[in-house]
Structure formats: structure tokens, C-alpha cells
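A lone chain, given as C-alpha cells: the form predicted on its own.
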Amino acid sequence: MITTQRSPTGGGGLQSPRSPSSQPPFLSVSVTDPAKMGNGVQAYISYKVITKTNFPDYQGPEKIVIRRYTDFVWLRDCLFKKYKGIFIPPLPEKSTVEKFRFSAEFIEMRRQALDSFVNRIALHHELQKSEDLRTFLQADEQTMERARSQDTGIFKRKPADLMQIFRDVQSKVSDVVLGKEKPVEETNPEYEKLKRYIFELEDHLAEAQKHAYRLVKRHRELGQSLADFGKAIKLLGACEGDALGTAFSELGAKSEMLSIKLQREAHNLLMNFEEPLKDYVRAVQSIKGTIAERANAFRQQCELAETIKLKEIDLNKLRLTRSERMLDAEHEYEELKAEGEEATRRFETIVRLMNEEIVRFQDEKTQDMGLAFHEFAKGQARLANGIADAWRSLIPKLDSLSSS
């Protein structure tokens, strides 16, 4: 759970300093208590979402609602649609494999990722003011279901596939139709540098996450091997007598104890190292969706500018011939100019917001990755010390056996 102290701009955000209950504005959200609902293919996991806040637009200081994964998808899609230029936090992917969907480990990973998702929104100075966020955090289940059913467009047909959106827009802005249309692409050097960085970052994060997964797998396999070895060596000790049997029994017990340590550290690696890396892979894919929206806005701006030029040429011809269609043409021209100005404002807003967002993203990434790697190093050191201490404690007894 994360608490935000930022206040939404607008009236009534702060209490009077003289008020006995005066305190900084805050919005804290917890995603807790996952529970399986239904059976068979209709089964799903519900979550308790607890909101505590003193924001004036909220119904009270605390609210508890029940949400399911599709509600989180609805919130993400609404924000992506309405807040162009802002990097919308990513959601964990939906598992379609039945045997994993309801495993305790998968459910906890999903809960942790959903908690991170909604708190990143609550921390964001713009997204925290969203009406959709308030609906998500406060509405009853029936109201939430109606809100989902009223959604339209690509966001209703399926969860917004940001990678597909990116590919579609890239195709649109690059296609040459019958050799008459030139590719419409932004040529800003800083923007090109940003795109290269994002693509390279995705590749490197994905590679790091792949090897983190292998580390988790290796810890689990070694833990299982030690458990199996421990059982076998204890059985061997039971066949022996005296000092040899005792030594074997202790060796088996230490192996089983270390197996538990390895399995525990594998789980810590998964939750505190591999999952944060995977989360940032998803975050970069979300950023690529915003890049696609910027490309789309630039294309629309350029197309409108070209259309306005052609319309202006046609209008000048009508003025020369004093055509009776001139008034209608002038009206169409003014409407097109207004659309062009709005498209320019929209594009410039996206550019401005993306410039701000990349700075925020870099700061958050530095903190989050620093914490993840710190936890990784600390866990590995703890495990290595535990393994060394366990084996070291057996050496005197094994020495006495070998010497005798």
C-alpha cells in the first residue's frame, strides 16, 4: 500500500489550518483478501479494495468495495483513452492456463501487481483526479458493472492491447498508398532518442527478467534436490548404527532444512526481484502505447494541415470566380482551421506531458530497481551465509568419522 500526499488542484482541497483535524491531503489504497468466486469457466478472483482519504470529492474517509480483474482493466482502458500523453501504469497479464489461474502463488502475484497498479494511479498528480478512479474506488458492484457495460469502442471489445495499438499506428503512419502518400513521421531528434531508449530498455529488461526467472527455477530445483537427498541420506542413516548413522541423519536433516531455505528464497526472488522486472517490461509496453498515440496525433495534425492547404486553394479559386458556393466553402474552411488548431493543441499537449512523464518514469525506475536489486543482493547474501553455516556445523562430526 502506498499513500499519496499530493492534493488534486481545485476548490476545497485543503482544510483550514485552524481545523483540529487539519492534515495533508492523502489517498491510500489497499488491494487485499483475494477470494475465488464461482466455479468452472465462470470462476474468477475478487479483491477487496480499501480506500482511505481526506479528498473532498470522495464519499468519506474510508470505503471498501469488491472488484475483479475486469474492473481494473476497465479503469486502465478509461485512463488510456482520456489521458493522452500520460504513461498509464500497466496491469498484470491475464492467465488463461486453468492450473495456474487459481494457484496461491499466482493469486498473490496478481494481487501485488494490482495493488501497485492502483496506487501508482493514486500517486499520480493528474490521474488521481480522475472521475473513473473515484468510480472504481467507491461505486457498488452494480454501478461498476453498468460502467463497464457502457464502455464502447476498442476498450469494450477487449482489453486495450497496447502493443497491437502501437503496431497499427506505426503501420498507418508509415504506409505509402499507391506511391502518392509520403510516410508521416516525426523527425524530432530528441523524440527519436527517446524511442530508441524505450525499445532498448524493453529488450534489456526482458532479458534480465528471463534470467531472473531462471534463477528462481534454479533455486527451486536445488531446493527440491536437497529435499530428496535429505530423505535418502536419512534412510541410509537408519540402516547404519552408532556414529555413522547419527552423522547421516544429521546430514539429511541439514539438507532438508536448507531445502526449505532455498524454496523460501526462491519465493522471495519471484516476488521481490523477478516480478518487479516483469512489471517494468509491462510499463515500457505501456509507454510504447503512448508513443503510438503521439504518432497518431502527429499524423492527424499533418493530414489536417494538408487538407487545409488544399481547401484554401479551392476557396481562392471560388473567390476569383465569385461562385455561389463561396460562403459554404468559407464556412468549411473555418471549421477545418478550428479542427487543425485543436489537433495541434492536442499534439503539443501530448509532447509536453510525455516530456514530464519520462522524467517521472526515470525517477521511479531508479528507486524501484534500486530496491529490487538491493533485496536480491541481501537475499542471496542471507542464503549463502545460511548454507555455509549449516554445512560448517557438520564438519567437526564428519572430521571425527574420517579420522577414526
Partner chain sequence: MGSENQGFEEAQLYASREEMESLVLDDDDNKKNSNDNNPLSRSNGGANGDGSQHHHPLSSSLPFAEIPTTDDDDPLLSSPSPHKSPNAFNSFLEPPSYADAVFRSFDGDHGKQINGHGVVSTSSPSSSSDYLKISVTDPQKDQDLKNSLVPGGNTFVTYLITTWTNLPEFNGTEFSVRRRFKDVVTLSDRLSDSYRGFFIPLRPDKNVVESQVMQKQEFVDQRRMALEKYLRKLAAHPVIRRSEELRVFLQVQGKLPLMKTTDVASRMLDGAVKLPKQLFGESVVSAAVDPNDVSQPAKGGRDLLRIFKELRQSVTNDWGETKPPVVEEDKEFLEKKKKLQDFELELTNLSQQAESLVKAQQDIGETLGQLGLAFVKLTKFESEEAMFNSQRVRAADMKNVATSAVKASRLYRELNAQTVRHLDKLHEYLGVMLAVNNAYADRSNALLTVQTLLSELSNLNSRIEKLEAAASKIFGGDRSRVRKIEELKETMRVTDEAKNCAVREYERIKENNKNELDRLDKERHDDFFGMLKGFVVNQAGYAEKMASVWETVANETSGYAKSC
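Predicted model, so just to flag it, every value in this text is computed and none were measured. Numbering follows the first chain given and starts at 1.
Another form exists, predicted in complex with the partner chain; not displayed. Remarks below refer to it.
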property	result
Proximity of residue 215 to the partner chain in the predicted bound form, heavy atoms at 4.5 Å	yes
Exercise: residue 103 in contact with the partner chain in the predicted bound form, heavy atom 4.5 Å	no
Any non-hydrogen atom of residue 78 within 4.5 angstroms of the partner chain in the predicted bound form	no
Any non-hydrogen atom of residue 147 within 4.5 angstroms of the partner chain in the predicted bound form	no
Residue among 44, 58, 376, 26 with a heavy atom within 4.5 Å of the partner chain in the predicted bound form	376
Residue (of 351, 358, 343, 66) lying close to the partner chain in the predicted bound form, criterion heavy atoms within 4.5 Å	358
Heavy atom of each of 232, 240 and 366 within 4.5 Å of the partner chain in the predicted bound form	yes
Interface segment, criterion being heavy atoms within 4.5 Å of the partner chain in the predicted bound form, picked from 307-315, 81-89, 223-231, 136-144	223-231
Within 4.5 Å of the partner chain in the predicted bound form: residues from 366-398 (heavy atom criterion)	366, 367, 369, 370, 371, 373, 374, 376, 377, 378, 380, 381, 384, 385, 387, 388, 391, 392, 394, 395, 398
